[in-house]
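The form predicted on its own is given below as one chain in structure tokens.
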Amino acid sequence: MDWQGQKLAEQIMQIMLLVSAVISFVAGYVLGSFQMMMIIYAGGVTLTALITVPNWPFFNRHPLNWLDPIEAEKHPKPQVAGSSKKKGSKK
């Protein structure tokens, strides 16, 4: 899953969870049943997970171009800049 696919999956997840929460609340209120509200919401969460968790092909529309190992060896690795001064030393 590429970066745009992750963003799309999160947006779809947020919208579907909000819609299923509203639908389940209204259904539970109309039917007067907390149990029915929770069952409908659990169905919405399950449906959301089935749509957003697997790595579907439409989440891979913008693949990343990685360097080949040979090309990566040509570029030096970044060095960590170390401090040679000692703190707190008194003369």
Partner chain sequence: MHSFGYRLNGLLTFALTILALMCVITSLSDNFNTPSPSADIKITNINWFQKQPQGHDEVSLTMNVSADLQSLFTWNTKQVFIFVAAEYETPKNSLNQVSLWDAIIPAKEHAKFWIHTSNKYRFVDQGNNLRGKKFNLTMHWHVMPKTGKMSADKIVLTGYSLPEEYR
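Residue numbers count along the first chain shown, from 1. Keep in mind it's a predicted model, so treat the numbers as computed, not measured.
There is also a form predicted in complex with its partner chain; it is not shown, and the following applies to it.
Asks: I'd like to know whether residue 64 contacts its partner chain in the predicted complex, with contact meaning heavy atoms within 4.5 angstroms.
Replies: Close contact is absent here: in the predicted complex, residue 64 is far from its partner chain, nothing within 4.5 Å, heavy atoms only.
Asks: Although the partner isn't part of this model, could you tell me whether residue 32 comes within 4.5 Å of its partner chain in the predicted complex, counting any heavy atom of the residue?
Replies: Taking the distances in the predicted complex, the answer for residue 32 is yes, it comes within 4.5 Å of its partner chain.
Asks: Using a 4.5 angstroms cut-off on non-hydrogen atoms, would residue 73 count as touching its partner chain in the predicted complex?
Replies: Residue 73 lies outside the contact set for its partner chain.
Asks: When the contact criterion is heavy atoms within 4.5 Å, does residue 4 count as touching its partner chain in the predicted complex?
Replies: No, no contact at 4.5 Å.
Asks: Would you mind checking 11-40 for residues with a heavy atom within 4.5 Å of its partner chain in the predicted complex?
Replies: Heavy-atom contacts within 4.5 Å come from 13, 14, 17, 18, 21, 24, 25, 28, 29, 32, 33, 34, 37, 38.
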